[in-house]
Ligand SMILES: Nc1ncnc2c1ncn2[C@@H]1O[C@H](COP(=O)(O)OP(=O)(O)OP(=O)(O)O)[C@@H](O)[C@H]1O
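Only one chain comes next, encoded as structure tokens, the form predicted on its own.
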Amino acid sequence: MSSPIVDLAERAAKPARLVVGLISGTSADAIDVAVCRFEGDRPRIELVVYHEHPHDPEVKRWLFEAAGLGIRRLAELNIKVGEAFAAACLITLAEAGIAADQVDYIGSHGQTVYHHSGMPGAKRATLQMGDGDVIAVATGLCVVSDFRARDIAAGGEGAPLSPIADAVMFASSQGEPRRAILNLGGIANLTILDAQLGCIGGFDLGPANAPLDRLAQPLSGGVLDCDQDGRFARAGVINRPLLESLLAEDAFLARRPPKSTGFEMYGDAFVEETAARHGGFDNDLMATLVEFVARAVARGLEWCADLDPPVGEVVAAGGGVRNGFLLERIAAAIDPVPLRISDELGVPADAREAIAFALLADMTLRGKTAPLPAITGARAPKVLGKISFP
């Protein structure tokens, strides 16, 4: 009987690997599960199956209240999220008719409950719920998790990490326009690609769904977790003075990359403070925040203005692509640069980040360093993540 280390090395050396990627984004709306087949060293990616599993309401409530839970409940939440991730993985495999022992390993980002966001005086630190050991024991599979911590230890921001995978998922051919990949999760981030060099940069832009989802709850009387297709925003009128104040006062938007942020800056407190300045929760505030997101994306592209060749197209992915009004406003803000959806390039928009963490796990177990200095400011490329044996 071989040791688990030998077994894992043999799996990582296979010409084709079946890997599961797990993530729950800033909005904590669901656990995303992507089962991927990777072939080769710079792998060809096949998405075998993708499912989203809603969080248990109590777990979701705890996630949003994490800052005030206390040590005991925070420790319990780490276990609960790990159990939920494992269950989501096993359900997805069962529904797809894939036996767990056919999977080589799992990459799990977990659920972020704290990220330093570059706030003045805050030490660089990050915390993701969903213990990798819990997932490994429950599934019987090796798990790579806690990817952000190694980058922070190397002097980086700890995020964004998914741009590393964008170079594989969205590689362009020689002669095609330079692509920028726009992820619209709870937070918006941007990846800048080059046809020959792959990923040459990436950084968080600012808010995306995080404030919009939080505002949708009071506007819908607690029924909706998001502004479906931007219906609330479409019915509103932008508060121009408030918009211009938000853009002028936001210190994160003014920071040069590398930079990262989270719901600490653009979550409940941001929405409540902005609503107080606006005069309440209404459709006009939603329209204003959508425009704020769109303008933040456009400002982010301005950091890339000196590239040669310039960015020729922006490819959007993430849950925000379901919000048609948000896409319309982003398209208007970045005009004349065209906006496309990642589905057009064969990558389902909702699945991008789960695929990315499957790929990051594959890199880790094959000893590949993550080229993060240009993205996070880390001092040197590092192999990311912690390994949990089954």
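Keep in mind it's a predicted model, so treat the numbers as computed, not measured. In case it trips you up, residue 1 is the first one in the sequence shown, and so on.
Only in words, not in the display: the form predicted in complex with this ligand, which the text now covers.
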property	result
Segment that reaches this ligand in the predicted bound form - one of 224-232, 167-175, 280-288, 139-147, heavy atoms within 4.5 Å	224-232
Residues 22, 104 and 131 all lining this ligand in the predicted bound form, heavy atom within 4.5 Å	no
Heavy atom of residue 353 within 4.5 Å of this ligand in the predicted bound form	yes
is_contact(residue 322, this ligand) in the predicted bound form, heavy atom dist at most 4.5 Å	yes
Exercise: residue 185 in contact with this ligand in the predicted bound form, heavy atom 4.5 Å	yes
Residue contact check: residue 26 to this ligand in the predicted bound form, 4.5 Å heavy atom	yes
Partner-contacting position among 156, 300, 318, 267 - heavy atom within 4.5 Å of this ligand in the predicted bound form	318
